[in-house]
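Quick heads-up: it's one chain on its own, the form predicted on its own, in structure tokens.
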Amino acid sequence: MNKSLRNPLVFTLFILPALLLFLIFFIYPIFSSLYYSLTSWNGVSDTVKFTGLNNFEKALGDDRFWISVKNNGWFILFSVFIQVPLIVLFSLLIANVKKLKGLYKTAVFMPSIMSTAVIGILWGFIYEPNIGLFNKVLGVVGIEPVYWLSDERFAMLSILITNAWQWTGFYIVMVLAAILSIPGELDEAAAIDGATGFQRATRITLPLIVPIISVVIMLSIAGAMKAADIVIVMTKGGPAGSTEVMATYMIKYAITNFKYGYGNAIAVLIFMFTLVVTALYQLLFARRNERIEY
């Protein structure tokens, strides 16, 4: 069997199906999108007019596109500096729970398996100006109702909170798995030496789960760059484009306005921006924390 696997022909036959799927569903769409990004096409007619880099020049010169880029940046910043610390905190708390640990893990994971449409509608009721939960609480302390989704000052923050609520549980399960895989002898030895729970968490547990935290950050960045569904459900990019992200900007032009060539140019820019951001993170931070030895 080992001799057969060393045969280049046999090896090629084994990887060929996966390679074909990769070419069909990944490589071909990328080059197809790149081709159409250089054209003026409505996505329906047989006429495809080559326009060179005009679509990219138009996008980079459009203020609304840069607003969408900025909003994707807010997604990244919120995920990295607010959501990830909360993920680590809740993971540490759940890991130290003695009873009903499975219940807590299931409870935090539930939002991740719910439809984004359901979550958007649910939080839409929570943000509702007249009967929403948030404004009811604010009314108790005498604060006037806040128009969470129709006020430019609060709309983006409202979406960020909702998106974080949906995906925090998914990442908690990942970090929790890493915490529970740490040998118990390390924690027990530290406790015998007199280390407090806080000291054990910060000096033993956190350094040992840095690789999985790095993965969570990278996945959060990638997810922030392709965020679209929660924005479409809750605000459709409004009010006045203040919650537009690159993906919704692309959808608006490629599908709604039948500017398929321009939409593909936006898709290429999203791909390039995501590649640059994740590559910078990998080069500057992630590679330093790839492996931890117990």
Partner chain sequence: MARSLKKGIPHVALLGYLVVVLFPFLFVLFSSVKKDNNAIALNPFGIPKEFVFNNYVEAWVNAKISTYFFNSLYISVLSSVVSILLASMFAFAVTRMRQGKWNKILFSLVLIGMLIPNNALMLPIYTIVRKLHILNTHWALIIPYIANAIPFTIIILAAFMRSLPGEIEEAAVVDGLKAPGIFARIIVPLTVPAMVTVFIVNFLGNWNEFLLANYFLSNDELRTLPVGMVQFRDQYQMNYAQMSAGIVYSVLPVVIIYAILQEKIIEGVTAGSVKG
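Basically, rigid core = biggest C-alpha set you can superpose within 1.5 Å across the two forms. Note that the coordinates shown come from a computational prediction; the quantities given were computed from them, not determined experimentally. Positions refer to the first chain, counted from 1.
The following text describes the form predicted in complex with the partner chain, which does not appear among the structures shown.
**Student:** Would you mind picking out the stretch of 69-77, 182-190, 151-159, 130-138 that comes within 4.5 angstroms of the partner chain in the model of the complex, counting non-hydrogen atoms?
**Tutor:** After filtering at 4.5 Å, what remains is 130-138.
**Student:** Of the residues Val84, Ile126, Val210, Ile221, which one places a heavy atom within 4.5 Å of the partner chain in the model of the complex?
**Tutor:** Of Val84, Ile126, Val210, Ile221, the residue with a heavy atom within 4.5 Å of the partner chain in the model of the complex is Ile126.
**Student:** Only one of Ile94, Ile204, Ala178, Ile217 comes within 4.5 Å of the partner chain in the model of the complex by heavy atoms, so just point that one out.
**Tutor:** Of Ile94, Ile204, Ala178, Ile217, the residue with a heavy atom within 4.5 Å of the partner chain in the model of the complex is Ile94.
**Student:** Using the partner position in the model of the complex, report whether Val88 sits within 4.5 Å of the partner chain, counting heavy atoms only.
**Tutor:** No.
**Student:** Does the partner chain get within 4.5 angstroms of any non-hydrogen atom of Val146 in the model of the complex?
**Tutor:** Although the partner chain is absent here, Val146 would stay clear of it in the model of the complex, with no heavy atoms inside 4.5 Å.
**Student:** Does Phe14 reach the partner chain in the model of the complex, with heavy atoms at most 4.5 Å apart?
**Tutor:** Flag for Phe14 set to yes.
**Student:** Decide whether Ser33 counts as a contact residue for the partner chain in the model of the complex under a heavy atom distance cut-off of 4.5 Å.
**Tutor:** Contact with the partner chain, yes.
**Student:** Taking the partner chain in the model of the complex, which residues along 89-125 bring a heavy atom to within 4.5 Å of it?
**Tutor:** Those in contact are Phe90, Leu93, Ile94, Val97, Lys99, Leu100, Leu103, Tyr104, Lys105, Thr106, Ala107, Val108, Phe109, Met110, Pro111, Ile113, Met114, Ser115, Ala117, Val118, Ile121, Leu122, Trp123, Phe125.
**Student:** Indicate whether Leu280 shows a C-alpha shift of 2 Å or more between this form and the one not shown, with the rigid core used for the fit.
**Tutor:** Where the cores coincide, Leu280 shows only a C-alpha shift between this form and the one not shown that is less than 2 Å.
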